[in-house]
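What follows is a single chain, given as structure tokens, in the form predicted on its own.
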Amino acid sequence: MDKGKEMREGQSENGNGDIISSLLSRARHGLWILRHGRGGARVDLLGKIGLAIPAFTSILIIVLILSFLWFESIPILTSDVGGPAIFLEPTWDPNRDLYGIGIFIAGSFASTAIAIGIALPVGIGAAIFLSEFCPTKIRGAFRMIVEMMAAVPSIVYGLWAFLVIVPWIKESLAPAVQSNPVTSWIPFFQGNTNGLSLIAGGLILAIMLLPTVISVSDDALRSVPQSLREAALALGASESETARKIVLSAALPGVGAAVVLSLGRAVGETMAVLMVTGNSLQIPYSLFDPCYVMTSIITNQLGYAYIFPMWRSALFAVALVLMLMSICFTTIAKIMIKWGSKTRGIV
């Protein structure tokens, strides 16, 4: 056997052994304190146990949800009418045992991409204004308004979009871009629309993402040491150059985390998107085509599908994909923050 491999295996075994030994030692020490300890030592131990319970409960809940979704998804993923290919197939027709969920994944990704494409520059621009240029007297009011936007229920956003954005797309946006010689030839602007469309879902999602992007980016920008700003200004940089090249650069990990967290919010949003995207079983090729996202299909059909094992299992497979995507986005955000903090000497 390769000597390096032997050493690595030995270190791994020693590492595992050290961890187990440390845990056993802590457990024995804790039992001794419970039996013989008095006063502060026992109170400290009971406090640590009390704080550890919610932490381990959170982990247990995530594991149980994933296990439950996986267990419910097994019938469709191991069936002859389903299998792993359902993640790529574009046809959903439970009456014919066709359970392709690719159209829902495509609809979710397309609406999310539009939302991120709009919310990212607008949100980061607003965060830079709040952090670097906003007068102190009105900064608090702006931040309070942003926090209020985050507290608005998604159903309210959906109703507003249904009454305002959808008619605007039908009566103003679509006719304007389809009659303009500059944009009328672009494939993304083709097709008739009643306003219930992919672009409607993307726009309302972008508005809903703005509070997250602005708040997290603002926190990241404000965490940049003031000494960096002063040094840049002392070297002759203007305020806009300092904000763009120094502050934003130093805060990039936090801004990136805001983007990734927004992705998770956008993919998992349900009610507002359900009300404005048209819920049509097709892959959208134009911004004015209707679409169907993953959350909407679960909300609309789970009640009917619950007594049909394959149909129900396919919907749980959609939920499993959503859960895994959310976990991936959160993990990427954590890695970006950790990497950015290390590379910039923050930790």
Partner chain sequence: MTEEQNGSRLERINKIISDVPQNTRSMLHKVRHATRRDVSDWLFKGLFALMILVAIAPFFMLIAEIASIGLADLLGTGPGQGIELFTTYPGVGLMGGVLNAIVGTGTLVAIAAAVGIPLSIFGAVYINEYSRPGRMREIVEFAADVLAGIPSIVFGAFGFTFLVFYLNIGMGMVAGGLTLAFMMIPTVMRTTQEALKQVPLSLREASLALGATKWKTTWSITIRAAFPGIITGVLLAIGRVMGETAPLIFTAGNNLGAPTSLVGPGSWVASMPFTIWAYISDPRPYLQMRAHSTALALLLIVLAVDIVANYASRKITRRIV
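Residue numbers count along the first chain shown, from 1. Given the structure is predicted, the values throughout are model-derived calculations rather than measurements.
FYI, the form predicted in complex with its partner chain isn't displayed, but the following is about it.
Listed stretches are 223-231, 81-89, 94-102, 114-122; the contact stretch with its partner chain in the model of the complex is 114-122, by a heavy atom cutoff of 4.5 Å. A heavy atom within 4.5 Å of its partner chain in the model of the complex is found for one listed residue only; from I186, A176, I74, A150, this is A150. Between its partner chain and the residues L252, A106, L159, I246, the one pair within 4.5 Å by heavy atoms in the model of the complex involves L159.
In the model of the complex, none of the heavy atoms of E171 sits within 4.5 Å of a heavy atom of its partner chain. Although the partner is absent here, L31 sits far enough away that none of its heavy atoms falls within 4.5 Å of its partner chain in the model of the complex. Its partner chain is not drawn, but in the model of the complex it has a heavy atom within 4.5 Å of T295.
Within 4.5 Å of some heavy atom of its partner chain in the model of the complex lies at least one heavy atom of Y306. In the model of the complex, T295, I298, T299, L302, G303, Y306, R312, F316, A319, L322 are the residues of 293-322 with at least one heavy atom within 4.5 Å of its partner chain, listed from first to last.
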